[in-house]
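Before any questions on how it binds or moves, here is one chain, the form predicted alone, in structure tokens.
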Amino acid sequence: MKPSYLTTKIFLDSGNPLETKQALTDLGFLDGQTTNPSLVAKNPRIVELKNAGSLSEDSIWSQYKLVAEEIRNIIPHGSISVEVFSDLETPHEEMINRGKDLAGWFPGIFVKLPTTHEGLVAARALSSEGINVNMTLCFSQEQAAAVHSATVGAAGQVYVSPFIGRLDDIGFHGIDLIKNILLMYRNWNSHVQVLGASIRSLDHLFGCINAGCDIITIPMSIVELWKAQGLNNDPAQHEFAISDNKPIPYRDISEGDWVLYDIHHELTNKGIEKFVADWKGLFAK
């Protein structure tokens, strides 16, 4: 049962349905699951097929669908995110076509798209048709502003996924980005839900909960740490580690046309490159 203090939704960040079952057992609840090419590449069955030389660019999608369906069978009412394949040159038309395919796997899927210009064009088109989208690899308040503005009037639900752990990796206080986006969205009465991602520690998890994050996606390692320290312990009483990371100041950004925001971020590009390498590695000869 979900702790009484917890209004934030908790997702598992994994491409392995066995971990879905374990997380559901450990937590007693699970609101959804996020997947991506790197996580699917670690799925034991897919690794076995790769080692046997049985995967191709075509067959990997059928395997991904099987993984998503297994997860859905475990958490039938949960939100499940599946990601389009895209590199830095993938046009929005290709993302839209693949996104429609993914959305057709079963009802309620969230199509993950990169927070890039082409990804936002695709998000605008898909969400206007009632397809749920999850804008991933977000590292700046301006990127989140663009997600909001590009999907105003969406018929489907919209998530934005700030990756806070990767900001910590380069010396910034990643949780500040979550707080800044939440404040901006409250000021704008935004329709977009904030999904805290790249969670590396209980500090990240409890920081997102205390900030009022809509959703948090956590790997199995954090599920285990949370269970070990006690699910019913109030995050407001958590003692956070002292950090010398640089703060990320809030920017008073005006709501406007999404194409006017500076959405380039080097970490977004690096994230896309990592996903591409993991995906193509599955069927490399």
Ligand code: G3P
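Start at 1 with the first residue shown and count on from there. This is a predicted model, so every value here is computed, not measured.
Not pictured, yet referred to below: the form predicted in complex with ligand G3P.
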Scan Gln141, Ser198, Gln157, Ser149 and let me know which has any heavy atom within 4.5 Å of ligand G3P in the predicted bound form.
-> Ser198
With ligand G3P left out of view, choose which of His92, Arg124, Lys179, Arg166 has a non-hydrogen atom within 4.5 angstroms of it in the predicted bound form.
-> Arg166
Leu39: heavy atom within 4.5 Å of ligand G3P in the predicted bound form?
-> yes
Could you tell me if Thr217 has a non-hydrogen atom within 4.5 Å of ligand G3P in the predicted bound form?
-> yes
Considering ligand G3P in the predicted bound form, find the one stretch among 97-105, 141-149, 190-198, 71-79 with heavy atoms no farther than 4.5 Å from it.
-> 190-198
For the heavy atom contacts within 4.5 Å of ligand G3P in the predicted bound form, list the residues of 12-28 involved, in sequence order.
-> Asp13
